[in-house]
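Given as structure tokens, the chain that follows is alone and in the form predicted alone.
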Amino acid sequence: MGIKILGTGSFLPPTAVTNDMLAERIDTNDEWIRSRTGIGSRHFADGETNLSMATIAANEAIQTAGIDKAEIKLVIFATLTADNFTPSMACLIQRDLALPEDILAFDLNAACSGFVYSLITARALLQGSGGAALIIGAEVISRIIDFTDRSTCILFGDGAGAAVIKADETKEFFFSTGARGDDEALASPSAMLNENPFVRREAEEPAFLKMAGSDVFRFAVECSAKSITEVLNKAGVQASEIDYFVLHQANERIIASAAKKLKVPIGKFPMNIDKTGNTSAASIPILLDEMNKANKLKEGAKVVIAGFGGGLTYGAIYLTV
């Protein structure tokens, strides 16, 4: 049982911050950032929330899908920067979009692999249901960035992407996933302060994202190529047969290294990282929406979607459009 992508949507905050703008505050420059990451600018929320961005992207996805909201029976919201501990972003989306109450709605945190994990989960939950699923990836990464740390603040941006899908037995769907527990390579401490007056409290660090860049780079290159190879083997498809490899937009060099390992032309790897930066769980659905608007997600196209990130998590999906 595969899935059919009925519609997509996305939103990027209007506040764009270029490399030159960052260079006014930290010791860096445009050439240094571009040569190491492929990033030229990124968008930062300025008044927008995770929920407000996701609502715009989700509403667009529903409109382009052309379905009645009553058909949506599942909402999965992939994020690591939710506005609240509770209620979940998925429940608030249900409210704000006036989706039906007889719905399964929850958040999923697999960091940058969140949209991949969500698609796999949705496909399993949709089988036999006859309904549609709204899958969202949205992040306000800027709220956990240390803007004095040039190794991280140059990389990330904010945004939201969404897709409406249905189960479809005429489509192909295979996946490969993994997790490698690690709280040092890429992590963000809890944002919740312990104010309990009855227990001993230790000094609390600011809740900034921290990353061991070289370790994460090696992990991303290794696991993206590994998971893609595994899923192609499961599907019985050659890499040369794939129309597009839609990878998490973390770093242009990571994507280029994966393409080299797979011996696939870089032209089959669409990228938008130049203008978005790394938007974590939002990066894949934002890119899918751009591809859909450019009429690249044509009926019958063979696509591989792959994510990798904090957790550490990774995964790849092969599907036919």
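Everything numeric here is computed off the predicted structure, so don't read it as measured data. Sequential numbering from 1, following the sequence displayed.
Just so you know, the form predicted in complex with a small molecule exists too; it's not on screen, but the next bit is about it.
Participant: Can all three of S176, V231 and T320 be found with a heavy atom no more than 4.5 Å from the small molecule in the predicted bound form?
Facilitator: None of them does, since no heavy atom lies within 4.5 Å of the partner.
Participant: Examine G213 and determine whether its closest non-hydrogen atom to the small molecule in the predicted bound form is within 4.5 angstroms.
Facilitator: Judged by the heavy-atom cut-off of 4.5 Å, G213 is in contact with the small molecule in the predicted bound form.
Participant: How about S151 - does it come within 4.5 Å of the small molecule in the predicted bound form, if we only consider non-hydrogen atoms?
Facilitator: Residue-level check for S151: yes, a contact with the small molecule.
Participant: Is there a heavy atom of A250 no more than 4.5 Å from a heavy atom of the small molecule in the predicted bound form?
Facilitator: Close contact exists here: in the predicted bound form, A250 approaches the small molecule to within 4.5 Å, heavy atoms only.
Participant: Answer yes if any heavy atom of F11 is within 4.5 Å of a heavy atom of the small molecule in the predicted bound form; otherwise answer no.
Facilitator: The answer is no: F11 has no heavy atom within 4.5 Å of the small molecule.
Participant: Spot the stretch among 35-43, 290-298, 57-65, 263-271 with residues whose non-hydrogen atoms come within 4.5 Å of the small molecule in the predicted bound form.
Facilitator: That would be stretch 35-43.
Participant: Though the small molecule is not shown, can you say which of A82, I144, I93, L155 has a heavy atom within 4.5 Å of it in the predicted bound form?
Facilitator: By the 4.5 Å heavy-atom cutoff, the listed residue in contact is L155.
Participant: Answer with one of A122, A105, L186, A132: the residue that has a non-hydrogen atom within 4.5 Å of the small molecule in the predicted bound form.
Facilitator: Going through each option in turn, the one that passes is L186.
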